[in-house]
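Just the one chain here, the form predicted alone, laid out as structure tokens.
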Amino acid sequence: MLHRTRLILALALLLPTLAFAQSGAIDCVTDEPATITYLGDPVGNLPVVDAETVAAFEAACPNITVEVVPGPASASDVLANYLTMFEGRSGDIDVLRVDVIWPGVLAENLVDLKPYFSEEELAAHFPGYIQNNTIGDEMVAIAFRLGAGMLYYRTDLLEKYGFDGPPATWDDLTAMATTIQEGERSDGNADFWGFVWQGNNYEGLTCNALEWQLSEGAGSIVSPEGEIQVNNDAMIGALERAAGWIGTISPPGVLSYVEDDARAVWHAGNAAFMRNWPYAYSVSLTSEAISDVFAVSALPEGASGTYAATMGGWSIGVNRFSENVDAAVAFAKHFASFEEQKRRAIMSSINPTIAALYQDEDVIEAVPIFAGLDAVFMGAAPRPSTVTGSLYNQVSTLYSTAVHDVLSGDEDAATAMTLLELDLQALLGN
């Protein structure tokens, strides 16, 4: 099922193997009875995965009850909820899912977890994620899930229409999606589309658009040196191509799609290609329409001759205003533990943050694609959250809004990027 060695799920094989003591025991930290809340993940089968995480923890720590509070599907909405909660110094949610781009934004409101972990426990995790979650001297979250954008494709339809493999470039994708869509509709499936992705005006669109931008060699929104990189011909061309997909190979409704909307079309057998995250792999295996006729690959290349995948991932943090910090820390430690990450990898193909799990026989048997990973997120690129710090959310909102305006036809690409550049200059002071 693998195509190209540059699969964007790449991890760990360039890193030394890390020894890790697998005690199997959950550290309950506290013996005091406590009830804590956790903001759950509603995407795909993750509510089921989370429920088993909670059940295992409560069985080992019967003095601690975990109440799962359903969270919104949109990461932007999750962050907005957190910011509102912290503005009131509220402890309503004890344990938080923290997106890879949020540690700098949320740091002052999260507990320093470093004292609760041994050096051996921390050394088992990929160093980049420990670094990402360390603000100053405090480790404000512990990673449990990696991610990167990837391309899902229908192997049966590529064969049916004479294609040898997935598209190498975005232009190839456009042409292949057009051919397959026309053929499937001629065969009677009026609901079939060539390509589905995340086009709603939220963080997911920032991720998609950044992949288009980077693959064209058009910069990275804001460079590590603080240079604004949006108003250039390569970026304008990338947006014009994507705008051309709307209503042709992508449904007009893609402008409101988040991850699960794209996945619903894909699962129904009504798309040739889908851009999504690793979580969709195991869920797609449960679809009667496509379970044995799809594969994954790196996203297509742009004119720069390289492909790009936006780096994602989630960590667990503990609310500084929690009334049950020790109990919340115990759950956070369980969530990120070797045993729990192994179970989640096997159950839902969730990419672990512990290197040793990519060489674990049980994990490889359950998720064979993990065995083909040959670099540390090769092609995966971070969003400019470090260089923009607490302003990142505003940067991302300006960016996704400008992109959405182009895709919806409310603004031409050149004008939108000129205005975006001015807005970012005003916001960042450069």
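Throughout, we count residues from 1 along the sequence that is shown. Because the structure is a prediction, the values reported are computed rather than measured.
Another form exists, predicted in complex with alpha-D-glucopyranose (GLC); not displayed. Remarks below refer to it.
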Could you check which residue among Trp266, Phe331, Trp193, Trp277 gets a heavy atom within 4.5 Å of alpha-D-glucopyranose (GLC) in the predicted complex? Trp277
Which pick from Asp99, Asp94, Glu211, Glu184 sits with a heavy atom within 4.5 Å of alpha-D-glucopyranose (GLC) in the predicted complex? Asp99
Identify whether alpha-D-glucopyranose (GLC) in the predicted complex is within 4.5 Å of every residue in the set Glu216, Tyr307 and Pro382, based on non-hydrogen atoms. no
With the cut-off set at 4.5 Å between non-hydrogen atoms, does Tyr202 touch alpha-D-glucopyranose (GLC) in the predicted complex? yes
Tyr358 near alpha-D-glucopyranose (GLC) in the predicted complex, any heavy atom under 4.5 Å? no
Though only this chain appears here, would Leu157 touch alpha-D-glucopyranose (GLC) in the predicted complex if you measure heavy atom gaps against 4.5 Å? no
Interface membership of Ala75, alpha-D-glucopyranose (GLC) in the predicted complex, 4.5 Å heavy atom rule: yes
Within 4.5 Å, heavy atoms only, one stretch in 83-91, 203-211, 131-139, 237-245 touches alpha-D-glucopyranose (GLC) in the predicted complex. Which? 203-211
Stretch 240-273: residues contacting alpha-D-glucopyranose (GLC) in the predicted complex, 4.5 Å heavy atom cut-off: Glu259
